[in-house]
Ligand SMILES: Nc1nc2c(c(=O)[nH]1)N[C@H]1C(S)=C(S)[C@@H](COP(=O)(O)O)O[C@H]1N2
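Only one chain comes next, encoded as structure tokens, the form predicted alone.
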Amino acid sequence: MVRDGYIPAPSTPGFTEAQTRARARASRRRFLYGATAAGAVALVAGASGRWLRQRASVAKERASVVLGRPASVLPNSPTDPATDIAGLSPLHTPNKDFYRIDTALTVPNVSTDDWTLRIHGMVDSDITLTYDQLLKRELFEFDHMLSCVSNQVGGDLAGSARWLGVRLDDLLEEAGIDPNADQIMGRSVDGFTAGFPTAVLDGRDSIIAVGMNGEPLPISHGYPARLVIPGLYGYVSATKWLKEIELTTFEDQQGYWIPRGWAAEAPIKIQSRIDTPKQSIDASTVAIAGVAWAPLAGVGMVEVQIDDGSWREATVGPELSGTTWRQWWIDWDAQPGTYLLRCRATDNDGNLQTADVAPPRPDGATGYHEIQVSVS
């Protein structure tokens, strides 16, 4: 019998008609849920498969890129003290170990077949460059470190590399900057934005990077091009997978992280870090060693304190540039006991790293890095 458009399911032994109808509805729901879940799994699998195919294609394309020689070739790096001091960070951080902070859930796979870089906004004339056109311009090479503003004192969200690219000031001079523009906004293919003051066009070696440590930019570090701006934390400057540079004003636009509670202007602060020894060692003569950075002035001195003893000046390693880190070390006759080690740096202008403790938000952590070491 039909009631209100409902066709009863065959009766089930031991159940009333109402109970049979409820079981049928539950069965339909289970089927729909199962079908939806299966569809979602298929969708994710399909998307994952497409991403992997795109990654393989872009990786093959990147492997075929031949970077030109810079107009002025840097000398070979000096002997790296890290080869003799176990645990010390190297002069140049290997690409595979270089830190990453991304806002994208997946790394963009950008093919240069249809990639262009556009410079526009408050300029006299727009400029649009293909990847080949970018590579054919005069290339510039320099050593520089990047640091994330969210890096804790002593943290590892910092790295040093040898970069190759096109000078940003040359391109912007060609475009012609409106005197009223006070911000340079980088925009990524994934929508990320980072803005920094036009005041950084002060002669510092800012580039649109295409190479990192002697090879084309790794895909995860921004292939085919990214911004590298000395002296500024990455969140306001180091746009990866770059597709646009817009001249604008701080009043008109804000980069991705600024509405989220981070400072609009973010010069990197003087920092030093202890890399070695570890927290537990055997009694012996060991190295207390690490790295320090102070863009743009460069590191002039590093000191180490054990417990509440006097500060000891450390030996500092080679200075590749004022915008990269500098290694340092001292010998320590470690006897059984528990010790507190700390370090501090002074830049080449005589500015001492502050002991005041502050968290990363809004413009970078401060304080002395210290570690407790147990010697047995």
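In this text the structure is predicted, and so the values were computed from the model without any measurement. Each residue number is its position in the shown sequence, starting from 1.
Omitted here: the form predicted together with this ligand. The next part is about that form.
*Asks:* Which of Met145, Val153, Cys148, Leu247 has a heavy atom within 4.5 Å of this ligand in the predicted bound form?
*Replies:* Here the answer is residue option Cys148.
*Asks:* If the cut-off is 4.5 angstroms on heavy atoms, which of these, Gly165, Gly234, Gly195, Gly290, is the one near this ligand in the predicted bound form?
*Replies:* Answer to the contact question: Gly234.
*Asks:* For a quick test of understanding: in the predicted bound form, does each of Phe98, Ser188 and Lys240 have a heavy atom within 4.5 Å of this ligand?
*Replies:* Answer is yes for this spot.
*Asks:* Can you say which of 279-287, 219-227, 118-126, 294-302 gets within 4.5 Å of this ligand in the predicted bound form, counting heavy atoms only?
*Replies:* Single hit among the candidates: 219-227.
*Asks:* Consider Thr103 of the chain shown here, and say whether it contacts this ligand in the predicted bound form, taking contact as heavy atoms within 4.5 Å.
*Replies:* Heavy-atom contact with this ligand at 4.5 Å: present for Thr103.
*Asks:* Determine the residues of 353-376 with a heavy atom within 4.5 Å of this ligand in the predicted bound form and present them in sequence order; the list may be empty.
*Replies:* Going through 353-376 in order - heavy atoms within 4.5 Å of this ligand in the predicted bound form - there are no hits.
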